[in-house]
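Quick heads-up: it's one chain on its own, the form predicted alone, in structure tokens.
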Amino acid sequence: MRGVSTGRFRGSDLLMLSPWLATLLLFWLFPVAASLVLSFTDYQLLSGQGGFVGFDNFTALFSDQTFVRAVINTLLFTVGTLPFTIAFAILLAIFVNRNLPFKTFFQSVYFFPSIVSLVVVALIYSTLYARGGYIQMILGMLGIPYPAEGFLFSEATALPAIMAMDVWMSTGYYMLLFVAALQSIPQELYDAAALEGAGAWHRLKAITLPHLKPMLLFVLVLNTIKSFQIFVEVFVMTKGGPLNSTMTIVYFVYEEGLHKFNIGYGAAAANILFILIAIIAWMEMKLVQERQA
């Protein structure tokens, strides 16, 4: 019968899917497979020489203090930004979801940082964090101590400065996702709770937060992957310095693979990053699913 799916692929179906299949093979599956193969070699990009070295690249990475520092910094960045980004996003979503005047204006203002080029934002923040910048001037007027050489040139403040910028830039995007989740909660639930005398805190705890859990899982996994892949901010603002205090895994892969041309070594680091992201994302999904059960 015409118009009824037979459950079998036809030639025309494959033809329609061919652009997507070609993209998947060329730009996703092939690079992943090539990276995995290269991670077991000592291939040098400039000379074109290299051979099979087994697990030598992986064992060398775990004794490489720069890579260990990159892993620690990436974990610190993720742990230091994830809770603040999600908490601010939920609070802002609850705020702008109320019947406020200029509600759309507030949503646009909070979302605006997410649509600005990350390079542009990083350059602006580099100026703000510099010696003699506006942040130093404000802290000086308030009598709060600050690094004299600038926030990005101090080992103690460089990574927290990048983390603060990331929280500011990401909150608006996740706020919109939580707003969409809030608007899917039936109003009847709040009306029934109000009739029974439930206060604002009880409605938040018993109705709002449980209905936000599916979106919370999505945001948690998405933000974790994004945090582990931090690169542009580090590339523009600090180049991994000072003294590797802002070195992250992706920047380490860039340095080894595309700066020092140690393709095999960089590929091994990239595969360790892939495994780390997969494990942590799986743990987050299990944790949220157990709390939902």
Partner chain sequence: MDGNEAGAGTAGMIARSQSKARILRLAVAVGIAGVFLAPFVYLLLGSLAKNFNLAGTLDLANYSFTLANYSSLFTQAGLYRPLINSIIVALIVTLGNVLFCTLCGYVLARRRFKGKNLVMLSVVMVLMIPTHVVIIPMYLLTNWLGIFDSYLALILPFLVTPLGVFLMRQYISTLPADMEESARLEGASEWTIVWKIVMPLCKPALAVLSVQVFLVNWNSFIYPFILTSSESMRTLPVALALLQGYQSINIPQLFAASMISALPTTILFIVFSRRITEGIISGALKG
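Residue numbers count along the first chain shown, from 1. Predicted, not measured: the structure shown is a model, and the values here were computed from it.
A second form of this protein, the form predicted in complex with the partner chain, is not displayed here; the remarks below concern that form.
Exactly one of the stretches 185-193, 75-83, 122-130, 205-213 approaches the partner chain in the predicted bound form with heavy atoms within 4.5 Å, and it is 122-130. Using a 4.5 Å heavy atom cutoff, none of F55, L61 and V288 lies near the partner chain in the predicted bound form. The contact residue chosen from L92, L220, V71, M163 relative to the partner chain in the predicted bound form is L92, the criterion being a non-hydrogen atom within 4.5 angstroms. None of the heavy atoms of G48 is located within 4.5 Å of the partner chain in the predicted bound form. Although the partner is absent from this view, L17 contacts the partner chain in the predicted bound form, with a non-hydrogen atom inside 4.5 angstroms. A residue is said to contact a partner when one of its heavy atoms sits within 4.5 Å of a partner heavy atom; S245 fails this definition for the partner chain in the predicted bound form, lying far away. Contact check for G240: every heavy atom lies farther than 4.5 Å from the partner chain in the predicted bound form. Residues are counted as partner-facing when one of their heavy atoms sits within 4.5 Å of the partner chain in the predicted bound form; in 94-111 these are F95, R98, N99, L100, P101, F102, F106, S108, V109, Y110, F111, in sequence order.
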